[in-house]
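Next up: just one chain, as structure tokens, the form predicted on its own.
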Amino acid sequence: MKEPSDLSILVKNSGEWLKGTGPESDIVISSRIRLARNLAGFPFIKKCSEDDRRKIERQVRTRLEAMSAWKDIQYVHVDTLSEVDRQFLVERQLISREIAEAEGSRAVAIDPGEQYSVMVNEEDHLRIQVMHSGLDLDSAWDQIDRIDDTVEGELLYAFHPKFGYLTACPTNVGTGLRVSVMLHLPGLVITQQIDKVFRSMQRINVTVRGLYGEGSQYTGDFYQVSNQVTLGHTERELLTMVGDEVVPRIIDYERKARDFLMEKGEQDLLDDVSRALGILSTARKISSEETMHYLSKVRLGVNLGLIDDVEVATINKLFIHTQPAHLQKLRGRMLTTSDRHVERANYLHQHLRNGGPADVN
């Protein structure tokens, strides 16, 4: 494994999950699967001493370093990072806010393509994560299952023959599996159907969160849908519930909302998305919230054929690269809020000036 002194390699690239090439990628941004695992012989993190945390981190790092298949993995000591660097990894969806804000020894191992990562000393000793572009849960599951088997071959997990994998939170006991799908749902937001749709989801043990998971706000019309509990369910049952039952219904609702908007007011919608592109392309300064709002409209316009010459992958990247920590890493210096607003506008200009509205009959 590689232990970079900074995050420059990540700054220059974008994760595979942002490329917008997976199934249903006009609506589904990414499919993510996480596995919660703990090491036998250690307390759960909240009961760990700092010495326990260091021993867990050292043991995990030593075992991962011995795996030849992981020689290109970047291993980052989160506890030694600056606040901006930790926020950068959160924005990139490579670590959680919980591990970013925690204390003591903690780390993350990151795949160069950013398809998978392993957090060390988050809520559980290990949080293994795989992210794929679009609605691609089956292949994401196949990949994380192989990774989990490989890691389990090196480390002894805390496992109970009756209850399954033991986790810090009782709702994760059993498979330790969290299946999440990030969706872009501007049609349902514009038609004011979003609350109705998600109220219907609450009855079937799924939860809805914002872009950065638990406790985060809904911005840019992004919503993460995931299973609420794992105990008593097999991996296949959870994958089927989220990937074959819940998410396809939401996709269908969103497509119907988009069809309605095109049928009842295509010119109004064209005007709305064109104005959004115009603001992003010409503003001299702009906040994160405004940027997310207008990028959501532009992304909708691109996917409906109302805007030419802007790629979905570009919009997906801008959602992440215009966040505060990313801007500061890209510019190579700390920026005040006012400076970030100016730099964000400049960055948007560089990537959107060639875009424009499509011809509409």
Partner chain sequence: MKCQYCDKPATFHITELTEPDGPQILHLCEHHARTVLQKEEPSPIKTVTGALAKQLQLGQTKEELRKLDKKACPSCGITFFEFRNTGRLGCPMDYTHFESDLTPLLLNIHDSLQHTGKRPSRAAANVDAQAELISLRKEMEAAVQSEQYEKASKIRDRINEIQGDPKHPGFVAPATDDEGDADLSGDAQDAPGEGGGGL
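Positions refer to the first chain, counted from 1. For clarity, every value in this text was computed on a predicted model and none was experimentally measured.
Below, we turn to the form predicted together with its partner chain, even though it does not appear here.
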*Hey, of 274-282, 256-264, 75-83, 241-249, which bit sits against its partner chain in the predicted complex at 4.5 Å between non-hydrogen atoms?*
75-83
_Triple contact flag 148, 161 and 233 to its partner chain in the predicted complex, non-hydrogen atom at 4.5 angstroms_ = yes
*Could you tell me if residue 26 has a non-hydrogen atom within 4.5 Å of its partner chain in the predicted complex?*
no
*Taking heavy atoms and a 4.5 Å cut-off, does residue 289 contact its partner chain in the predicted complex?*
yes
*Does residue 88 reach its partner chain in the predicted complex, with heavy atoms at most 4.5 Å apart?*
no
*Hey, in the predicted complex, does residue 329 get a heavy atom within 4.5 angstroms of its partner chain?*
no
